[in-house]
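As structure tokens, one chain now follows by itself in the form predicted alone.
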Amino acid sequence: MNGRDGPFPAPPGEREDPLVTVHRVGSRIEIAAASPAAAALGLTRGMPLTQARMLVPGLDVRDAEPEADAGLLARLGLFAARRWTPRAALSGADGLWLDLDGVAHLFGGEERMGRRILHFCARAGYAARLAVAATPGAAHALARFGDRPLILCPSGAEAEALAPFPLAALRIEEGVLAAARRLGLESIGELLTMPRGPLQRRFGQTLLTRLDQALGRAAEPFDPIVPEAPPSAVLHFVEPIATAEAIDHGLSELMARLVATLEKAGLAARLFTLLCSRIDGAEQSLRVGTARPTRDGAHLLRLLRMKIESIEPGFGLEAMRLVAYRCEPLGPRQLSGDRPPPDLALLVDRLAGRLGARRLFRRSAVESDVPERSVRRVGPLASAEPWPAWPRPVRLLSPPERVDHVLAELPDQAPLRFSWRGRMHRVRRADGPERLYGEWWRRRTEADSVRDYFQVEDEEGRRFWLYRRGDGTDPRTGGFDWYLHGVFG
């Protein structure tokens, strides 16, 4: 299977300006890639930039970045090797080979798997072409020169499928292509009808080798992308261990080895897993995470020791393995002054180990007029957006609670009394209304919705934040019912 990445096509009805990327080949500048709009105007890869500017005045020209393209393709290949098939390889500078043997049935067959991959590429912002064939050479040709985004070629039908394609689909050198054009050879089908002896004497062995590889007559090397294993340390015991002291000693030795491995690679990790293999074949595991990447062995040992009592060694542990997942490069950190600032990450990690990572968070403001959408949870060490200057209650109810027996004059007067949770409140002071409109760009049902908010204080000094659905005049804006959304202080 082979795919070709390119710019994502513009939505229907949206104009796309022609765009090309260029690179220098010898003494001239050529087009390296063209957007769909540029290709529709006749601009192709390898065309001189001067000719392209003459054909399309005002052409958007940008420098090609082959290193960045190669890095992106390598990341896609690594993702494919981890998600779809363990055998993925690079196919030129703009494609991937994926070996589907033994994995296609896991995704519902070759066609369903192909559509799933195309859907993934579209969501990621890339237009892809995908072909499934029995040989890498046939898949390469069908993906690049086929007329459909997804092509399935039955095994044994490669010759018929490749016959109308040009010779460039066989991945042969430009010199051989030029010699073939001088003799009038244009398609692969013409090669299939010619004797092999004269072809080898005139064009060399490369042409026939590529043809045989595409038709399955000759093998082709496949250099798969091998995902790197996460850094780890393993400790095997001559005699099984079962005491907490022995497990702690083994854990200390594992941590020292893992930290040395991370330092050598210049990495730090945010997720660590301890795997303990028992002599009865069972496996115990512990997992700890950190607020920021670290390779502080003493700190990590404290986190693991907090959970060491949950290990059930049974008749003994015969091996322990410590794995560092989610690794990131760890660069130098600048310290201000003579004494380094306190690192809250150590405290956050210890609290998360005792209380749970989900119980530690900060509140951050979100740009939204709807109060329940104007706040979100972020990590305890993440940067929080500043709060707006509008008066808001300390506590918001989620969801807002409906109040009954409201006495208020429409359309703009605050309530004189209301009942909440079975208790009647008489309003002594009030301020409002503060009118908020629905966010129609999120939900169509909020196109006409209106909320009128009031800050009220009852006779006992308690302050509440109430709102009425609707503007008090037009029933389309709401049902004129009242809700309590928050409590001040």
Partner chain sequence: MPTSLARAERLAALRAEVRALESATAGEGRPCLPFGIESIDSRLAGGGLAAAALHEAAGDRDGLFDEAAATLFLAAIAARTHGTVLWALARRDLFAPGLALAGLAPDRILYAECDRDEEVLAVMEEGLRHGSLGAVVGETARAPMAATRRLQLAAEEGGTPALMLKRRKKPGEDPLDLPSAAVTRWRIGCAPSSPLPVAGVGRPRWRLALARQRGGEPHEWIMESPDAEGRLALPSELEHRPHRERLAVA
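Everything numeric here is computed off the predicted structure, so don't read it as measured data. Numbering follows the first chain given and starts at 1.
This next part talks about the form predicted in complex with its partner chain, which is not shown.
- Comparing 104-112, 203-211, 140-148, 374-382 against its partner chain in the model of the complex, the single stretch with non-hydrogen atoms within 4.5 angstroms of it is 374-382.
- Contact annotation for the candidate site: R350, W387 and R462 all lie close to its partner chain in the model of the complex (heavy atom within 4.5 Å).
- Note on contacts: among L183, L355, V238, A229, the single residue with a heavy atom within 4.5 Å of its partner chain in the model of the complex is L355.
- Proximity to its partner chain in the model of the complex, defined as a heavy atom within 4.5 Å, singles out one entry of G289, P224, P166, P391, which is P391.
- Within this chain, Y325 is remote from the site of its partner chain in the model of the complex, having no heavy atom within 4.5 Å.
- Although the partner is absent from this view, F120 stays clear of its partner chain in the model of the complex, with no non-hydrogen atom inside 4.5 angstroms.
- At the 4.5 Å threshold, heavy atoms of Q455 reach its partner chain in the model of the complex.
- In the model of the complex, its partner chain sits within 4.5 Å of a heavy atom of L360.
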